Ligand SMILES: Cc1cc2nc3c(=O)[nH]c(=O)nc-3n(C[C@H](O)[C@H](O)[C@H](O)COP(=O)(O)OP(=O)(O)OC[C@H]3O[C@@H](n4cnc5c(N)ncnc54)[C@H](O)[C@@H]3O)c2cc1C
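This document starts with one chain, in the form predicted on its own, laid out as C-alpha cells.
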C-alpha cells in the first residue's frame, strides 16, 4: 500500500507512525510545503507542548457528539499508552499532560526521527497545488517534479486549518478540497483573545492578570457559558486561557452580539464584599481598596464608576464597587485575527466524511486533525483530537489492507 500524507503536523506524523505499526510494509510519504517538520507544533503549550488532556470530554469539542464513540474508546489512558509504547515519556499537571522534557521542539524531533527510523519518507519544501483521482489511484500536482506521475493508493489530507499562517497553516489544503466539492465551513479564529467595545480606561490594567469566573450572556440575558480562570487584560480587550475558551464558544455559535461578564471575586457574594468594604473603609478610609486590588485595577474601577480619584471614594460608592467587581461587563466586538489564534474553528464538514474520516465521495481519501470541522478548548484537547483522528484513520487503513 502506497500512502501520501499531506502535512507534517501532529496528525500527519501520528497517522504515519500508527499506520506503519499496523501495516509494516506500507510505503508512506509525508509531504509539507514548509522547510521544517511540524512548524506549528513548536508553539503548542507556549513551547511546552500540552500534548494531551487528562479529562477528555466530547463536550469540549465542536461536533464532539458526532465522535462520542471515538472519545469513549480513545480515552486519556489509551492515548497515553501510545506514547508509552513509542517511548515518549508523559507527565501530568492537573488535567494537562506534557512531555517529560516540557519541550515541543523535543517532541517534534522525537516524532520526526521515529518516522525516519521506520522508513517513512518526509518530503519538505513541496507544495501541493492539486490532486487527481484516476481509477483507484491518487496523483499529486506539486512544485516538486520528482514526484510527477507518482500514484498513491491512499491520500491523507493533514494540512491543518488557517491559524498561524506564519507557521504554515494557511487553509490552502481546505481550499483544494472545496474545489473538489467538499463542504468547507468557514474558518474562524479559535482560542484567541477578544476585543471589546468598552476600551476606555483599559490602559490602566494593560498587562495585569486577575482570576475570575467568566460568563457569556446573550441579548436576552440568558447565561450561555461559564468558566473560571485567569484573565489577562489588554489595551483593547481581554485574553488568557479562560477567554480563549469563551472566544471559541462565541465563534462556534456565531454569537455576534453577546456580553462577557467577569466576576473578579467568585468566592464572595455582593453582600459579603460590601460588608468587608464597609468594615475596611471604616478602618482605612480610601486606602481600603489597596487590600483588594493592584493599583491599576483600582484606577480602572474608579474610571468605570466615574470617580475622579481614590481620595474621593465615599461610603455611598461601596455598593456600586461591590457590584462592579462581581459583574465587570464587556460587549464582544470581535476576535483577534488568525495569527493570534491557536486553532481554527471550521473546516471540512463532517457530513462529507465517514466515522473513520474517509471521504464519502472519494474512497481512499482521508481528512485528519484540524482540517476537520472539529476543535477543542484549551488544555491539550486539540492535540488529543489530532491523535484520535489519526487512530481512526490508521484503523481503517488496516482494514483496507486486509481486503
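Positions refer to the first chain, counted from 1. Keep in mind that what you see is a predicted model, and the values were worked out from it rather than measured.
The form predicted together with the ligand is left out here; the points below concern that form.
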Only one of 151-159, 214-222, 299-307, 68-76 has heavy atoms within 4.5 Å of the ligand in the predicted complex; I'd like to know which. 151-159
Exercise: residue 381 in contact with the ligand in the predicted complex, heavy atom 4.5 Å: yes
Hey, in the predicted complex, is residue 263 touching the ligand, heavy atoms inside 4.5 Å? no
Wondering, does residue 127 line up within 4.5 Å of the ligand in the predicted complex on heavy atoms? yes
So, in the predicted complex, is residue 373 in contact with the ligand at a 4.5 angstroms heavy atom limit? no
The listed residue (322, 103, 164, 112) that reaches within 4.5 Å of the ligand in the predicted complex by any heavy atom is 164
Just one of 348, 56, 28, 343 has a heavy atom within 4.5 Å of the ligand in the predicted complex. Which one? 343
So, a 4.5 angstroms cut-off on heavy atom distances: do all three of 6, 9 and 168 pass it with respect to the ligand in the predicted complex? yes
Stretch 172-186: residues contacting the ligand in the predicted complex, 4.5 Å heavy atom cut-off: 172, 173
